[in-house]
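Here's a solo chain for you in structure tokens, the form predicted on its own.
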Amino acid sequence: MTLQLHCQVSRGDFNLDVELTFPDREVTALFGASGSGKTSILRIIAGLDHESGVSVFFNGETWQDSQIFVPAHQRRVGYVFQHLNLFPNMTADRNLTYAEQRSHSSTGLSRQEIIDVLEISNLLHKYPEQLSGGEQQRVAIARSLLSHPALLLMDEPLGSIDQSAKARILPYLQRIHQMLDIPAIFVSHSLDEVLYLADRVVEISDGRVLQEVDVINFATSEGATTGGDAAAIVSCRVRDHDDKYHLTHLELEGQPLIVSAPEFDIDDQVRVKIPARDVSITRERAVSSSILNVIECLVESITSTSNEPGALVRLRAGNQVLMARVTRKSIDDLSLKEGDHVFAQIKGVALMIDHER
């Protein structure tokens, strides 16, 4: 099921000019600053905004062109809004029933499967005002899924809840996508959310596409590394488990990477997030150290400015890239330059793992 969007829309001084094709069964993130056009794209796809100069095609069906406009309720789109929009006069259970009764399809996850995967069975008798922000969002996600959508759209789904609730909900969103066989698009300006959930990233600025790239390459692109949260995403294979120390041995480009991930099977492919701030560089491999993960690399590039204390070092390990954020003084003390052979020391607690889709 492929989604295609052609859009040339003018709203005062703002012009939205994009042409996009969204792959089937992948999570695509629309990433960019507020006001860049991300939510407008989502609303146009959903049929919530009827604009001229728009064409939308989904799975061989025309949803919109110069002559056709399929209304939102006929598009089989599940939409999760940033601002929680549960019916306040209904319990969580009745909110779910409302969506289920308006579904145009019986395919997809069952009601019980959705309740189980989002762990909301103990919330069903409660009204929205009796739920925390994170609990309300889980119910809102469940309600969206009970419409049995062919396409899932999420507009800043974690934007209205606190950081601790975000950390709890991210694994639910990831688990849902692994169970669903449909494409998903979500809007975010949070780099952490994008790196955690997305397969593919479309970076938007001022109504135009800056880049379209898979999440592994996006993680080390300029759009993701300009802030203080730069991180690399690497692909690894599960090699074996160490039952004595409850650790898992991964293989990164032929080199070992040790993490705590007992839930994975041997030969599983996983993605590992390695924040640049948690990577240090040495010229020689340390003989005695508490740091378990040391990866041989080549210095690919060094980015720094004279008015900043820090530098961002791009390191190549085989066909993959790590990032290290160090001080310019460290660069000088180590006499680092492009092409140098070095060792990247990675703090184990910095690793975040998810199944590679």
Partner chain sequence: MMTDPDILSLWITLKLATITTLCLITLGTPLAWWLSRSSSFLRHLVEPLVALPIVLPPTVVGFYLLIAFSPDSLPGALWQSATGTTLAFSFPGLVVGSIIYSLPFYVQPLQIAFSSLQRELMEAAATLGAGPWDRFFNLAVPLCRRGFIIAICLSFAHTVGEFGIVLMIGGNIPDETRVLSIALFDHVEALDYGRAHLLAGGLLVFSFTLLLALYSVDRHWQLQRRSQA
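Residue numbers count along the first chain shown, from 1. Given the structure is predicted, the values throughout are model-derived calculations rather than measurements.
This next part talks about the form predicted together with the partner chain, which is not shown.
Trainee: Taking heavy atoms and a 4.5 Å cut-off, does Glu129 contact the partner chain in the model of the complex?
Mentor: Residue-level check for Glu129: yes, a contact with the partner chain.
Trainee: Would Phe81 show up as a contact with the partner chain in the model of the complex if we use heavy atoms at 4.5 Å?
Mentor: Looking in the model of the complex, residue contacts with the partner chain include Phe81, since a heavy atom lies within 4.5 Å.
Trainee: Hey, in the model of the complex, does Leu118 get a heavy atom within 4.5 angstroms of the partner chain?
Mentor: Leu118: no, not in contact with the partner chain in the model of the complex.
Trainee: Just checking whether His246 would be counted as a contact of the partner chain in the model of the complex - the rule being heavy atoms within 4.5 angstroms.
Mentor: No - in the model of the complex, heavy atoms of His246 and the partner chain never come within 4.5 Å of each other.
Trainee: Tell me, please, which stretch of 231-239, 275-283, 72-80, 180-188 lies within 4.5 angstroms of the partner chain in the model of the complex when heavy atoms are compared?
Mentor: Residues of 72-80 come within 4.5 Å of the partner.
Trainee: Which residue among Val321, Leu298, Leu48, Ala311 has a heavy atom within 4.5 angstroms of the partner chain in the model of the complex?
Mentor: That would be Leu48.
Trainee: Considering Ile114, Val259, Leu86, Leu195, which brings a non-hydrogen atom within 4.5 Å of the partner chain in the model of the complex?
Mentor: Selected option: Leu86.
Trainee: Need the contact residues for 123-155: heavy atom within 4.5 Å of the partner chain in the model of the complex, sequence order, or none if there are none.
Mentor: The stretch 123-155, when checked against the partner chain in the model of the complex, contributes His125, Tyr127, Glu129, Gln130, Arg143, Ser144, Ser147 at the 4.5 Å heavy-atom cut-off.
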